[in-house]
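Given as structure tokens, the chain that follows is alone and in the form predicted on its own.
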């Protein structure tokens, strides 16, 4: 299979034809200086002038040359901003095009260019699937506390103000590559990925999901970048606006095009030039390097705190992959995290498609320091291939029952003895939908720092570790910040006290909010075209309201019975109750659930 990846910027276009499984490029091309007399197509050593070409005219010249004798099965398009609507790769139709256009005010430098490329490519290649892969999608898993701005609620809701994050395909790709290199399941890792280039961002990746990132509603927030200021006191902008008479457009130019490394150094935004001048004694260039490194190091420390630790710090993109000096400055003084770097290994770092990962931490360093070659085009191709294949082959649809997971407790043998007395056997109250599991007659009181919840039911059978599953409402009542986790994943979780008829037991860990998930038998997974650990989107249409649950985990086992689990808060919000059901179908590459008031059928 070959996928064409189209990455349209405001002044350039990057084109790759590649095998999404191996990453092997069949062909590449670049269009530079769009809408200028110097606009040209570059393919290998060949340069084809296309003066003043816009996206449509440039693609009309580039695609026939690039695809000559090279059939492709799908087209993947990078789209920078997906807003709140798009949290997964999406098949492009006219409605999706309209939605991308509506999001242009959130990314005025990017989405219009992305849209122009999509329109032109669809016109030239109308018979194959086109897929939009969004920079913001990977960060859709950020919890509300990480994505919310402290602004009046009315304004937030009126204008959709929230933090979205960017560089998603890159952060997701390098996190996956780091997991392969470390020979660890990504679900058990805490990673900090540093995408450092002309645009730069840092992401906290816990359990394979983005839980924090430095860019916000737009790519302006966070790190110092080539020409972007990054974090800045809004009062500075108010003062500059008043004193310099700058309007909104003037402030936009200042923050996006005149700041960052360019503004600090006064010589340009290319770090290679800044490093050379700094070595020659230029104090402004030295300050630019120091501020850039300081900001990255500050975010690394913050994200280690957010995740309660870190297993590896990953550097990628132009600066992260190629500047040993910047890696040195960022990694110094991280010993307190257990991250110790080897200067010789740092200087010798070389990464490529054939050797995508290099390590520069000292042997025995508790936190590993890695450089990973990013490959956004391959990440986009991979998503486009999966989605287009699924769209063509998954036609089956089936009713799926919904189960509401109320708060409950799983206990070890030792915990049963401590709470109910030595040798006590859990008493089945009624069987649960999943084979072999049952609700017990036994109930306990859960006690947190702030409050207590009585009559929380115990579920059987006994487990290797104690686990208390609560809703968001419950965690506020208890006064505990419970992370969203897969059932059984209790590492680095808070503890609570359990009170039973024979005594009390204080747990050092085990309190979680269960991640929404779907249980599937292997036969169901084969029918729906998904596999264990896939993450899908679930749309619930109830009483005329269309709600979307993202980040739904697929769990496949021969012992499972088909069922979707939501916690009580989410079920209440969707006006669902136990016994409701829906239909799973492959729609735009996302598994979607539709609930109807009477009967169930495919969309």
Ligand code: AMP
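Please read these numbers as outputs of a predicted model, since none were measured by experiment. Numbering follows the first chain given and starts at 1.
Same protein, other form: the form predicted together with ligand AMP, not shown, and the subject of what follows.
Annotated contact segment (heavy atom within 4.5 Å of ligand AMP in the predicted complex): 193 to 201, selected among 193 to 201, 441 to 449, 480 to 488, 282 to 290. Although the partner is absent here, residue 416 is not a contact residue: none of its heavy atoms lies within 4.5 angstroms of ligand AMP in the predicted complex. Taking the partner from the other structure, ligand AMP in the predicted complex has a heavy atom within 4.5 Å of a heavy atom of residue 272. Taking the partner from the other structure, ligand AMP in the predicted complex has no heavy atom within 4.5 Å of any heavy atom of residue 402. By the criterion of a heavy atom within 4.5 Å, residue 295 is excluded from the residues contacting ligand AMP in the predicted complex. Checking 331, 379, 103, 319 against ligand AMP in the predicted complex, a heavy atom within 4.5 Å turns up for just one residue: 319. Taking 141, 256, 471, 323 one by one, only a single residue has any non-hydrogen atom within 4.5 Å of ligand AMP in the predicted complex, and it is 323.
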